[in-house]
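Below, in structure tokens: the form predicted on its own, a single chain.
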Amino acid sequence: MKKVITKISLRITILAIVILAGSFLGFKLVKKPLTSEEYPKTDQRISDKYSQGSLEESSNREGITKDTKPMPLYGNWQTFTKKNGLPADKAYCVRIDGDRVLVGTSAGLAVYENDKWRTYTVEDGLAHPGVLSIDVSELTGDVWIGTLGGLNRWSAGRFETFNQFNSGLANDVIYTVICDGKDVWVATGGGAGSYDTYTGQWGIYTERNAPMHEPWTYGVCAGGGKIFIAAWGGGVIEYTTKTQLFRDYIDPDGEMEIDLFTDDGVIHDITTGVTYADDILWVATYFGLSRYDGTRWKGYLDHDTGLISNFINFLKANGPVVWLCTDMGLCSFDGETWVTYQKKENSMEGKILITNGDDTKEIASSTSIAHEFVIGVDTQDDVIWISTSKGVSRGELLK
């Protein structure tokens, strides 16, 4: 009984933190970004300074081998807010789709194409103005949109809505949507779900038919023939698509307040996101980061690594690099080196923290991300986009 009360109290506390952080962060006016002609030299020096002495192959204590490529560094940040095209400053997610960028905001779907923004709202067929997640089908090019009031398929200019009343959707609050071949997976407030676009059939996964403690799921990803689900208070649920069997990964020490034993499993049972790349599963929590290579777990905390904050809203891996959206900035990690992007207070300038082992270097940047409360990230080629509580930002790879 004592454990149940502790868990409920912790949940209420965390929810309060999320609501307060998202609602009461001070607004900072963002001036018009400098053009690339005005600041390339400063940001290029960042790349040059970091690259020196960073090209040798090395291995760290966890046995993670780093290839000859240095960590990517981004700069020349450009910020967009409601003042220059967004329907709202609060942006929950971002997805790069070829030559256009899709952004989910608190006031609709924003599409950036040909240097212009266009907004789609409930009047256009969107299920709800609050857009939390976006993915694009590689098979059809359809855009799938998770909102606070249902799931949308945006195809050929038309929005189709799935909700609890007209489909097998488990819950209308869609925290994450992903496309895995012909299947669309969602993490909702009432369990995880899968939609077969060929048959039109839904599968629903809750504590009744999967190893979950309760049906509140935050994230879902696909990789290695498996689906991974981030479940509130239930760690990570693994579903093998071929066998249709489940297994779970939870914190073995069973402690909700601290990580009692390091590297014994997922760092905490309250998971907020999952991502898979290069045969590595990365797990985000409100209490740190976990890495799983199929055999060993490794945990990372802000007090003994370069992780800028244990409070991770979202994460996404691209090859060997994982991008972490935290309440204190954008963080990236390749198993050895940490890079963090932060904004200087009351300034359009920023700073970059580079941590390797016990050594941390701070480098000034002439441009900055929109805000340190980062909620979403996506990368493509030499470009990165992030969504924050005060706008979205576009960065360029420094070469």
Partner chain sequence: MKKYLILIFIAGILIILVLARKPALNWSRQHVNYITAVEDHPLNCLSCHLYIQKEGIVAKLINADYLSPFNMAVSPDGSRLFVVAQEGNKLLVINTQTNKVIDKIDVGENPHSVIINNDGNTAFVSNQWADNIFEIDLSLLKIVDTIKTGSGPAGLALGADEKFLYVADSYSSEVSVIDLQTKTEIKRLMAGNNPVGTDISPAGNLLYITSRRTLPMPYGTPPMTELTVINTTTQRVKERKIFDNAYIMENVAFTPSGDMAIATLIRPKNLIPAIQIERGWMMTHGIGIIEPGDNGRIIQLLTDDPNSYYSDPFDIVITPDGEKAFVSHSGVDYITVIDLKAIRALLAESTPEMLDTYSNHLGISSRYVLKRIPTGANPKGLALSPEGEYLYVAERLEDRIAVISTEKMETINTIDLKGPSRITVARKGRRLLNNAGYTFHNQYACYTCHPDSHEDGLVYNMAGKDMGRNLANVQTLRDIGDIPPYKWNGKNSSIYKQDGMRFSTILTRTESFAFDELDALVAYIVTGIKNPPNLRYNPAGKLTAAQERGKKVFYRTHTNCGKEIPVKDRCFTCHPPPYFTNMLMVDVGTLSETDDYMLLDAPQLNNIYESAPYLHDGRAATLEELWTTYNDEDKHGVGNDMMKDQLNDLVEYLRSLRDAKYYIEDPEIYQASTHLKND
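Numbering follows the first chain given and starts at 1. These figures come from a predicted structure and were not determined experimentally.
Note that the form predicted in complex with its partner chain isn't included here; everything after this is about it.
Contact between residue 169 and its partner chain in the predicted bound form is found at the 4.5 Å heavy atom cutoff. Shown alone here, residue 197 lies within 4.5 Å of its partner chain in the predicted bound form, counting heavy atoms only. In the predicted bound form, its partner chain sits within 4.5 Å of a heavy atom belonging to residue 208. Not displayed here, its partner chain is approached by residue 153 to within 4.5 Å at the level of heavy atoms in the predicted bound form. The stretch that touches its partner chain in the predicted bound form, counting heavy atoms within 4.5 Å, is 161-169, out of 315-323, 161-169, 72-80, 235-243.
A heavy atom within 4.5 Å of its partner chain in the predicted bound form is found for exactly one of 121, 305, 140, 84: 140. Shown without its partner, this chain lists 204, 101, 126, 222 as candidates; in the predicted bound form, only 204 has a non-hydrogen atom within 4.5 angstroms of its partner chain.
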